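First comes one chain, alone, set out as structure tokens in the form predicted on its own.
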């Protein structure tokens, strides 16, 4: 019973079928002029067109990468380096505004640049539900304006959907403010595609990261949308592929698979979300009925939370209850139930969730936040069996 679809999803069999010709017969390099290369080039162009159409972008604004981590690194480092190359005064540091609930592929890059004294970081506040404060964003911009530092603001980066607690952020409101003030705006939309409408036009962003393996596509495949006119430096230099933003021979099979996965996800999105919401309500009610000390993390079920996500802390500081999250996961794994503690990219590193700490959970509660996420293989019967095992394991650990 796999209940960790926000970590990754299985490869859709129809996606694999689309990929197979490019893993076998159509193996050409898309940069080659002969027929094998041109077949690959045709598939590449078709893929670029389809993704652009799906997110309301232009054809030449789509850059293929190895995944969202690379896309996010390219955005942050590329924008900072562009500022450094243009600025003759080394004492002036570029300013980046982000949130303290971002994925590690954003936060760790920012912290790394800050440790090198290359950037000044400002973080937007989130409320008890994990939703970014647009008013706080306006206040920060006003302060920078008064200080005469707004010209050094090189980037605003905010995720569309939080990977741990599923909160949907007001990115369109942030985007409109950025567009009005000519500020580069980046969205990490990894957890959004296939769950909510993903549109660079509606969100008014200049940069956006996507990943295939979160919606039944192949791992190691991603997209970076780069609005025409957005300036940033390349991080991988070579043969000039992908508008010279990302050199290297394109992985045609993976790109074809990613596009197939995106098309299926977008086509089935509305129907799937209805099913997930039913499961979400059922799972939340089941846990709250059977574990009276469970703490619900994030916003309530509704328009500001994606439908396939629930997150509970089974440690409760007020009631002096502390349960080992690792022990819970191991017990459940032995019973063939897969859930996660926080983000998949933190697996193996047992630490408190920075997201749960940001919304006001104690250290103990933040260390035992359990994320359960549904997917196409999840049905109510299996889910009920899994939830019964979770409840039993939690009570056993409490004793």
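Positions refer to the first chain, counted from 1. Keep in mind that this is a model prediction, so the values were computed, not measured.
Only in words, not in the display: the form predicted in complex with a small molecule, which the text now covers.
- Of the listed positions (315, 308, 211, 297), a single one reaches within 4.5 angstroms of the small molecule by any non-hydrogen atom in the predicted complex, namely 211.
- Taking a 4.5 Å heavy atom cutoff to the small molecule in the predicted complex, the contact residue among 169, 198, 163, 98 is 163.
- Stretch 211-219 is the answer when you ask which of 258-266, 298-306, 211-219, 316-324 has residues with heavy atoms within 4.5 Å of the small molecule in the predicted complex.
- In the predicted complex, at least one heavy atom of residue 190 sits within 4.5 Å of a heavy atom of the small molecule.
- Proximity of residue 68 to the small molecule in the predicted complex: non-hydrogen atoms within 4.5 Å are present.
- With a 4.5 Å cutoff on heavy atoms, residue 158 does not count as touching the small molecule in the predicted complex; it lies far away.
- Contact between residue 105 and the small molecule in the predicted complex is found at the 4.5 Å heavy atom cutoff.
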